[in-house]
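Listed next as structure tokens is one chain, alone, in the form predicted alone.
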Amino acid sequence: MGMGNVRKYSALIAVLAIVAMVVTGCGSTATTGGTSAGKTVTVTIGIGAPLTDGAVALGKGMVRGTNLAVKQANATKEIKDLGIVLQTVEGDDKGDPTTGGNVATQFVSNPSLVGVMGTLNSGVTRVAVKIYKQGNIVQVSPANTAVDLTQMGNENYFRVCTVDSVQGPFAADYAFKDAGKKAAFVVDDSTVYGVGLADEWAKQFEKDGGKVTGREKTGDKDTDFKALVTKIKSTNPDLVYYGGIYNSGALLSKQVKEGGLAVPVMSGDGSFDPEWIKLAGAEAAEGDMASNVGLPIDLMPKGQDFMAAYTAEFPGEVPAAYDAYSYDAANVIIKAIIVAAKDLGADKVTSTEGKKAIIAAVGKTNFEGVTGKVTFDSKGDTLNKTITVYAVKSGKWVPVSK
């Protein structure tokens, strides 16, 4: 072998040595629990919400809050070093339990999906959560308030909002003790959410000394309440309470005033949205009230930071009732994904083992979120039970409870 061949042979050995180092990961920047150098794992979070029917304004806000959390997480060194890329997929449940079940089935069939941020409607969750449980998919809701959802034995279900048994009585106390209302006609939209909230409100109102002058059921997509208004008016209430969502409740408010009954309509978190004022009309909506979970955003522990990031990401958009709660709910899932990736390796996050690890990690959640301290009891209920009552004043929702 000549000298030229020796040089070529030595060069070849050097190249092969470098290739061997790259293949075996020597000198790579991948950290323990991550992936092999240069590889990434795509992990999906589903968003279950009404996007084309029902409380669309609230559903779109849920999407915005979740996407903001995911975008921020993907920019962190921690996620990058683990070799994970987070993404979201939207599922339009239309606020309908059957449709929500179909969305859940589609989500579970997605091999990269490990968690669901949703749903808005308690009735939808009642169907969907069982499907997610079968697929070992964690579900974290920003908005479900039906009391029994955490009593159904689904260890994969959690919520960052408080429940009707807290919200209803708080709002009833405000109506009777602070607003001075003594007689109320109670209406609900026949949904799991609407019935539960109206029941809790009416029970506390009567306990306080108020009189329920009548009770009536409607449909959650009803638009004509003229006959109902006549019935309500005949009982001479000084308040109408509506358990349901803004899309029908606002029309009830409008028609109550058009029917000659000059009393406010009070509702819950599903009605706390500018769309209530828009649909009812500012004049008719004036004085109407709604309770909502948590504090006003400007009084939330990290509300100012959230609003700065939110405004930069969604110029011209105003947060709906659950944008901040969806942001926190998404971060619950994201933090659990990180825990599972560090323990098992990013490659295992989307496996059955990984999904179960994520559920377990969510149960141990403990961090300071935008909405306050985010942590759960043994059933999956939040320990943050703050409620605020708002009233419409000059065309805007203004906090009035203390």
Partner chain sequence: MNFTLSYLLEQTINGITLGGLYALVALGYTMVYGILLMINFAHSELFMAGGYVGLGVLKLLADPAIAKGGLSFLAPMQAFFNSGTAGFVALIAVTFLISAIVVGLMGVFIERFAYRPLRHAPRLAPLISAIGVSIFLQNAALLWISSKQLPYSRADGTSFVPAKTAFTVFGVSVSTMQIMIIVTSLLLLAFLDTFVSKTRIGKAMRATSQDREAAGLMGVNINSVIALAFFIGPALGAVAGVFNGMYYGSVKFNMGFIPGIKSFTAAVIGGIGNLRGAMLGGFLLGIIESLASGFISNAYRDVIAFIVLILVLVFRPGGLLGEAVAEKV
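Numbering follows the first chain given and starts at 1. If you're wondering where the values come from, they're calculated on a predicted model, not measured in any experiment.
Absent from the display: the form predicted together with the partner chain. The rest refers to it.
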*Flag this candidate site as yes only if K77, T88 and N136 all have a heavy atom within 4.5 Å of the partner chain in the model of the complex; otherwise mark no.*
no
*asked:* Quick check on this chain: which one of G281, P301, G287, P296 has a heavy atom within 4.5 Å of the partner chain in the model of the complex?
replied: G281
*Scan I131, V212, A146, L228 and let me know which has any heavy atom within 4.5 Å of the partner chain in the model of the complex.*
L228
_Non-hydrogen atom contact K355 with the partner chain in the model of the complex at 4.5 angstroms_ = no
_Partner proximity in the model of the complex: G54 to the partner chain, non-hydrogen atom cutoff 4.5 Å_ = yes
*Report whether the minimum heavy atom distance between R126 and the partner chain in the model of the complex is within 4.5 Å.*
no
*Contact of N247 with the partner chain in the model of the complex (heavy atom, 4.5 Å)*: yes
*Interface stretch in the model of the complex with the partner chain - options 193-201, 150-158, 327-335, 248-256, non-hydrogen atom within 4.5 Å*: 248-256
*Does any residue in 214-249 get within 4.5 Å of the partner chain in the model of the complex, counting heavy atoms only, and if so which ones?*
E216, K217, T218, T223, D224, K226, A227, L228, T230, K231, K233, S234, T235, N247
